[in-house]
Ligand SMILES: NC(=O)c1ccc[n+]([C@@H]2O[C@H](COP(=O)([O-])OP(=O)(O)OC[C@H]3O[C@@H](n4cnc5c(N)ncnc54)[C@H](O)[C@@H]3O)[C@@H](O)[C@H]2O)c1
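Next up: just one chain, as structure tokens, the form predicted alone.
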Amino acid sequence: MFNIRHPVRTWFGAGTVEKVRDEAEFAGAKKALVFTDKGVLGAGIAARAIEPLKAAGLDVTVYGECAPEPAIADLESAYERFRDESFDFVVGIGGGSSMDLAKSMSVLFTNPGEPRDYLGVELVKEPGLHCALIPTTSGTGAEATPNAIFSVPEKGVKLAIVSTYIVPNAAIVDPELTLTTPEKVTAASGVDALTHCLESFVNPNSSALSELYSVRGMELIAGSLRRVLEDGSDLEARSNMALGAYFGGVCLTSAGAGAIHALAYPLGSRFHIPHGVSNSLMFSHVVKVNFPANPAKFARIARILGEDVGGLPDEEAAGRSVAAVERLCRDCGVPTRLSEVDVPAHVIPELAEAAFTTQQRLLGFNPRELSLEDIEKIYRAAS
């Protein structure tokens, strides 16, 4: 038995950002609230979604203060600012942060209580406002997922609003919007997308349906990430990355992530490390621990990532997946050691405790059961 969730409608392809007008008209919307960040707004990218809405006669309010790696206080601040207004359409355009704020706000308008009341799994009881999400990076897959991630500083962790009701009505994936994404962001977000596909593929919840997205997502990303870093104007490679990231979001809705994400979240919360970088720090080290738990799947991963494993038994081929991940991360220039981002070794026990005590939902999806001691060893291997 398995399930999968998708946005009600997905638009994909160059120029599809203008389809936000179709979504507004389909919903009969009159008043839109757009979430974005200063960079996307300043670069004129947000205007490509805002102008079609205005042309359709909508009253558009723009919240351009979405912070990277948002804390729950950022959602609370936005909610206090807009809770008494009457919107009928919510749009998020930007990276995962803007999209997470947008889809969270869509349900806060229609459900009682405060933002913190919904940190958890399926706590939202009523559908939200019509919501369209438009990614400007190829990474989080937030345009397709039922998750919105926020750091909770007093607990030193990241927690999520997880609800079927925050899967958006529309995902509008326009690879043209990613053409000007900076190289470092392209690299980190691309690695993030790859972890989504890989973790969903190897965890116990994977299914015949989710694996269609997991495998194809890995193929698209592995075949395009280096290309797009060599030439950011390569629209074909950008399109492959955008589709691979979207597939990563879809397979997460069915299967979930695992220990890479579980160990990355305390790093992001405590040290404000971007999410994609937090994942790159843990990526190969978790794969090294996990591959013996499912040799056949990790052998397939090694092949997808370009390793020559012809004729090798699965157990040996699976081990090549570690080197393949290390090589990809090195080629992309993303950090793979805690020392590279100034995380001191003396905090490792605290990080391990935070991961073990607050991320059991994700750890339960890992192909191998990890104890507190196992988690601490992984952090130390990455130090």
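Residues carry their position along the shown sequence, with the first being 1. Please read these numbers as outputs of a predicted model, since none were measured by experiment.
Omitted here: the form predicted in complex with this ligand. The next part is about that form.
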Partner-contacting position among A345, V341, A43, A323 - heavy atom within 4.5 Å of this ligand in the predicted complex: A43
Interface residue in the predicted complex among A245, V91, L263, A142, criterion: non-hydrogen atom within 4.5 angstroms of this ligand: A142
Heavy atom of N203 within 4.5 Å of this ligand in the predicted complex: no
4.5 angstroms heavy atom contact with this ligand in the predicted complex for E65: no
Close approach of S280 to this ligand in the predicted complex, 4.5 Å, heavy atom: no
In the predicted complex, V185 touching this ligand (heavy atom, 4.5 Å): yes
Stretch in contact in the predicted complex with this ligand, which is absent here, among 293 to 301, 100 to 108, 75 to 83, 221 to 229 (heavy atoms within 4.5 Å): 100 to 108
Three-residue site G95, K158 and T181 fully in contact with this ligand in the predicted complex at 4.5 Å by heavy atom: yes
In the predicted complex, residues of 56 to 82 near this ligand [heavy atom within 4.5 Å]: P68, E69, P70
